[in-house]
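This document contains two forms of one protein chain, each encoded as structure tokens and listed individually as structure 1 and structure 2.
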Structure 1
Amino acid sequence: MTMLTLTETAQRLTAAGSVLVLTHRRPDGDTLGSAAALCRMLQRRGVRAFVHPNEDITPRLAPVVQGLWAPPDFVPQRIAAIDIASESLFCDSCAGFAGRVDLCIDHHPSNTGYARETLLCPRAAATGEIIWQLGEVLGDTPDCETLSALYVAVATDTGCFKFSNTTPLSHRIAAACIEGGVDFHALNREFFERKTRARFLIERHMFDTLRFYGGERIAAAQLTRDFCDSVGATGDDLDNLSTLLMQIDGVECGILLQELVKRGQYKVSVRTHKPLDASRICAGFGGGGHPRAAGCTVSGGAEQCRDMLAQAALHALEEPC
């Protein structure tokens, strides 16, 4: 793996006649918004750039990449992975790209270095911040669609600019987007406020399963696949639930287990307050992410897995800083 600068990354991308952009499984606003913005920037520079169709995309997020899906016969000169820390996070249709990624642009400290060349900025609040800076190096004048995609990217990974990872650049990007005509109120409403009836039922059920550990400093809950199916939950309804656990007074670590299609297998989301490191907790189960937000996958009984993760978090809390 070779580490690149912003300037070197811009040179690599503009030198390519065509670029295919990959996004991660169960895509969020950062991977999709960053991918969409990069594609539009490159297209303005004469590069044929498209996003690889991600079968996991949800209806709410689909408009972010509207019109950018790669045609079936597209053969790129360069493959770029956006906001993907490891090949294990590839969606199923991207499995054939393992070992073939030319460039990775990412902000996850846990990036495994799987790409031939990497632009890694672990202090960035979102990969969207890196794409913004890349646009500045390219001399790009973003249109409203590009700015909207970047706003969604940065707002997603900063919790609408509330999370502790939010940087001054996060706010400068948001200000530039608003100055550029982005309807930030409509985006905030659509992506971060609106809830379906299924979402309300899921939140109620999640709190019914809530258990506390370590003198109520750790809150853990679980959602079964059967319950989610019974209320007709979509991927949008299940997004970002773990942050709700962190709203409970006194909680320093929130853990949510969501059962996947395979029964007995759980997607785990961990959120923490400083100085507890969520990525370190998840690393013990083969996962990773950021200090305040990370994830992993575990298998077994729901309560057994919940207790196991809570004990790992409790051990982390008791370690000296």
Structure 2
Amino acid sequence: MTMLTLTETAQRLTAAGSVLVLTHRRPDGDTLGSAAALCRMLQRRGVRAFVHPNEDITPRLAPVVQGLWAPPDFVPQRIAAIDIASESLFCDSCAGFAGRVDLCIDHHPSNTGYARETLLCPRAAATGEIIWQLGEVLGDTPDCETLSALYVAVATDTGCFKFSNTTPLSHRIAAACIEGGVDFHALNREFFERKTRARFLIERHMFDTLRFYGGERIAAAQLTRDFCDSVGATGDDLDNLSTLLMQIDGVECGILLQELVKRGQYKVSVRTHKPLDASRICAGFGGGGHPRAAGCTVSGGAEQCRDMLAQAALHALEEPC
């Protein structure tokens, strides 16, 4: 595997007559927005560039890649993977491309180097920032659709410029997008405000089951399969719920138990503030993860499991690190 510079990447891509762009499974705004913007930039340079249809796409993200899905008979000269850290993150229909990716553009430090050549910028908040810089190298004048795709990429990966990964470039790209006529307010409403009714009911139920332990230091809640089914919750509706527990003042550890398809078995998400180590808490139950976000699976009664996890967190809080 060879590491490329921006200029080399731009050369490789424009030298190809046709490029197929891959996005990752359960695609987010960054992989799709970056892929869409790259295709549009390359098309303006005379390259036939399309995005490989991603079967996991959600309705909210579909407009970002509208008109850019590769036709069924498309035979590309080059295959580029965008924002995909490893081949295990290929969507199912991309499985056949394993070992065949010519070029990868990514910002994940964990990138496995599976592509023949890679442009990796681990300090970029989003792959969208790398695509923006590629556009500058290409001398591209982005149209409003390209800018909208880049706005989605950067805004979603930075939580609307709220997360710690946000960079000066994230904001400069947003400024250019607004100047270029992007309807950023409609996009912000779509990605950062709108809640499906199912999501609203799930959040309400989670907060209704919430119990505090150790004063207010631990917040633990649970969701039963029956409840999630009764409101017709999708995967999107169940995403990132445990982080909401961490917004409450004084909470140092948030624990959410979500019942799996198998009754009485719970997927546990643990979130912590420094210095509490979430992965250590989960390791005690055969799980793992990162210091601030980890998970495990437990079995039993919902309340009994919740108390057990909360006790483990309490124990970790009281222990010296």
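Numbering runs along the sequence of structure 1, starting at 1. These numbers were taken from a predicted model, which means no experiment stands behind them. Rigid core here is just the name for the largest C-alpha set that superposes within 1.5 Å across the two forms.
A.B. asks: Just to confirm, one of these is the form predicted alone and one is not; which one is it?
C.D. replies: Looking at both, the form predicted alone is number 1.
A.B. asks: Considering the change between structures 1 and 2 as two rigid parts, does the C-alpha of Pro76 belong to the same part as that of Ala115?
C.D. replies: Yes, the superpositions place Pro76 and Ala115 in one part.
A.B. asks: Note the number of degrees the smaller rigid part rotates with respect to the larger part between structures 1 and 2, based on C-alpha superposition.
C.D. replies: Comparing the two forms, the minor rigid body swings through 26 degrees.
A.B. asks: Could you state, for a rigid core superposition, the Cα shift of Thr234 between structures 1 and 2 in Å?
C.D. replies: Taking the core as reference, the C-alpha of Thr234 is shifted 3.1 Å.
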